[in-house]
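The chain below stands alone, shown as C-alpha cells; this is the form predicted on its own.
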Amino acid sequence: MDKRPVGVFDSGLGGASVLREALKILPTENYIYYGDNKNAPYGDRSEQEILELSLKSADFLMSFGIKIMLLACNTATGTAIREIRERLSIPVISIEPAIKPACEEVIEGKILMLATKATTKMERYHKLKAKMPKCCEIVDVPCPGLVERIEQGVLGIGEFDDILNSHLRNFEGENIGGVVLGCTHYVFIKEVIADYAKRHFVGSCKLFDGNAGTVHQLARVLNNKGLQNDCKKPSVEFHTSGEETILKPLFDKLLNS
C-alpha cells in the first residue's frame, strides 16, 4: 500500500467537484488539493500564461510528495498536460470535456459544449472534437462569468439566468439533445443549468460531465502501478494561492454539496 497522497489541481475551486467524485469512488486515498484562486479564472488568460501558472502549480503540489496528480481543470489540461507530464516523474491524470459520451448517447438535436473561452479555442480540444462522429452537431459556447459567480458561493436556481441568457439566448426554443459541462466548476450548478435548459430549449437536454470517467481512469492507474492505499480515515488537505480563510469554508461547502 502506498500512503502518499493524491494531488488534485485546479485553477480555482472547480476541481472540488472531481475530488468529491474521487472520495466516492476511491474513499481509501489521502488527497491534497491546490486551487490557484489568486490567478483564477484561467479561461480568460493567454495560453502562455495558463502554461506558466499550471507548471508552477504542479511544482507546488510535487513539494508535498504526492504519488499521482489529478489535473482537474479542462483549461489547464488543454494547454499544459504535455509539458506537465514531461516535467513530472509521477503519473498525471487529466480531464477533458465529455463530448465523446454525449455524441454516443444523443440521438437527435444539437450538443452544446459549455466551457471557458480558452478551452473552446484550444487545439487539443478541437482535435478531440474532430474525431467525434457528430462533430457538426457540437456547438461550442464560451461562458465567461459563470466561474467567477460560482467562486463567490452562488449556486441557486435562477441566480445565473442573466449570464446564461447572455450566452444561450440564440438557442431559445431549439432542439438540444445534450449539454456538456466543459468546466469542472459548472458541475456545481448542474441543477441550475438543467432548470434553465428545461425552460428555454426543447429536446432531452441531457447533461454530461467528465468527472466520473476521469476518476475511474485515476483508479485504473493507481491499480496498474500498485499505488493504492487502504486508509480507513482518508484525509483531505486544502491549499490555495488565494485567501485561505475565505476560500476554505467555500471549498468545504462545495465538497459536501
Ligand code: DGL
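All residue numbers are counted from 1 along the displayed sequence. From a predicted model like this one, the values you see are computed outputs, not experimental measurements.
The following text describes the form predicted in complex with ligand DGL, which does not appear among the structures shown.
Where, among 195-203, 59-67, 36-44, 226-234, do residues come within 4.5 Å of ligand DGL in the predicted bound form by heavy atom distance?
-> Heavy-atom contact with the partner occurs in 36-44.
Could you confirm whether Ile93 comes within 4.5 Å of ligand DGL in the predicted bound form, counting heavy atoms only?
-> No, Ile93 is distant from the partner.
Using heavy atoms and a 4.5 Å limit, would one call Cys183 a contact residue for ligand DGL in the predicted bound form?
-> Yes - in the predicted bound form, heavy atoms of Cys183 and ligand DGL come within 4.5 Å of each other.
Ligand DGL contact in the predicted bound form: Ala98, any heavy atom under 4.5 Å | No, Ala98 sits far enough from ligand DGL in the predicted bound form that none of its heavy atoms falls within 4.5 Å.
Though only this chain appears here, would Thr79 touch ligand DGL in the predicted bound form if you measure heavy atom gaps against 4.5 Å?
-> Because no heavy atom of Thr79 falls inside 4.5 Å of ligand DGL in the predicted bound form, the answer is no.
Residues in 127-162 with any heavy atom within 4.5 Å of ligand DGL in the predicted bound form | Residue within 4.5 Å: Val147, and no other.
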